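Shown here is one chain on its own, the form predicted alone, set out as structure tokens.
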Amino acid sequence: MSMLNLNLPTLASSLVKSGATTTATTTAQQCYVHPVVLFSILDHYLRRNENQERVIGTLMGVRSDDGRVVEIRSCFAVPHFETSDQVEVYVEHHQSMLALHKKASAREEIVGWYSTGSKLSKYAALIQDFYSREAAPFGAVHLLMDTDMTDGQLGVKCMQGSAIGAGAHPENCLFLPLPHELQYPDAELSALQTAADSVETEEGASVLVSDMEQLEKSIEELRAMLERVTTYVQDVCTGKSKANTVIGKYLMDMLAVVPKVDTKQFSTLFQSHLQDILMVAYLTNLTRAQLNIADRLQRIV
């Protein structure tokens, strides 16, 4: 298996001999992270080899046309080995996993790399240079997860490298903070809510609710949000609360996308959709019952 040896004293000279040059890159200004990425990094850390302090891996995602907005959608682990004077990255494994990932998600590309620990490794600048060349002509984003839970929580930081000094040496890199947000798709949000509910139970397990219970819960949450917005608007109109232009703009944008539907027509559409949901739930339960009966008959025969 081929490995990339990154040595602190000799890396600059070896890059010059191999013809590698530092090119201008487009740096990111905003980063969005999917929760599945954090779970994958945590799983990689929990499965690490004995006496291994940190783990690294490749971040995959998509960029905006100008490269200033990065969306990290997935990641995969990359084996590496650190000593006091060098770090070895298994490039062959990285390339194989990248090829497999491209077959499953052709739109995703390398956007950076991740590591674990409460602070940056002394080899972070060298690994950043490697991933910057992999992500060229865009800059590589570095995601650091504090698995040591220094502040009592699993902290996450996003950074990007910036070259410092007169010479273009890979080790002359300054990591600057990058604004980031967690992005919750509907499917992942439902799974996270289910996982969060399991924390409150004694067994540490969560029971999956039915479709009707989930619909009822969603309607209650929507009703609570509407009541909160209505209270805020009434307080602003009566002078109890100070108007906020940002909130007002969000409310205007929200009302602009709401279709103008007559009350009776909306009631008809809602009842029709509700009947469709009930029919699907009925057919699902009927199919489940038939499968159970067929399974029991098969065991008897």
Partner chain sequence: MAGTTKQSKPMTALLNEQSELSAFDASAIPKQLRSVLDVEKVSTLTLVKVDPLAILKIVKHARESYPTSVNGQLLGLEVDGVLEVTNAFAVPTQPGSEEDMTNYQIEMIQCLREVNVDSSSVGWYQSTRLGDFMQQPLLDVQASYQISPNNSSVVLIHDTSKSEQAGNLSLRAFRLSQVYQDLAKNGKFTTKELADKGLTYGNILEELPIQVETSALSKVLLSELQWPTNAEQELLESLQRPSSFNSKLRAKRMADRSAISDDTESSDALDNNLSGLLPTRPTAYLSRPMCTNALDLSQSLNGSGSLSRQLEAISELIDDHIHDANQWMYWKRGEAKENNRRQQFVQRKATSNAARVARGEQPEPELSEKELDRMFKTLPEPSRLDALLNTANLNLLTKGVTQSRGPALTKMFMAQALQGSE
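Heads up, when I say rigid core I mean the largest set of C-alphas that superpose within 1.5 Å between the two forms. Residue numbers count along the first chain shown, from 1. Keep in mind that this is a model prediction, so the values were computed, not measured.
Form predicted together with the partner chain: not shown, discussed below.
Listed residues 225, 176, 164, 136 were compared with the partner chain in the model of the complex; 225 is the one with a heavy atom within 4.5 Å. Although the partner is absent from this view, residue 184 contacts the partner chain in the model of the complex, with a non-hydrogen atom inside 4.5 angstroms. Looking at residue 198, you'd find a heavy atom of it within 4.5 angstroms of the partner chain in the model of the complex. The closest non-hydrogen atom of residue 153 lies within 4.5 Å of the partner chain in the model of the complex.
Contact annotation for residue 27: none of its heavy atoms lies within 4.5 Å of the partner chain in the model of the complex. Looking at 224 to 250, the residues that come within 4.5 Å of the partner chain in the model of the complex, counting any heavy atom, are 225, 228, 229, 232, 244, 246, 247, 250. Once you line up the core between the shown form and the other one, the Cα of residue 241 ends up 2 Å or more from where it was. Relative to the superposed core, residue 232 undergoes a Cα shift of 2 Å or more between the shown form and the other one. If you fit the rigid core between the shown form and the other one, you'll see the Cα of residue 47 move by less than 2 angstroms.
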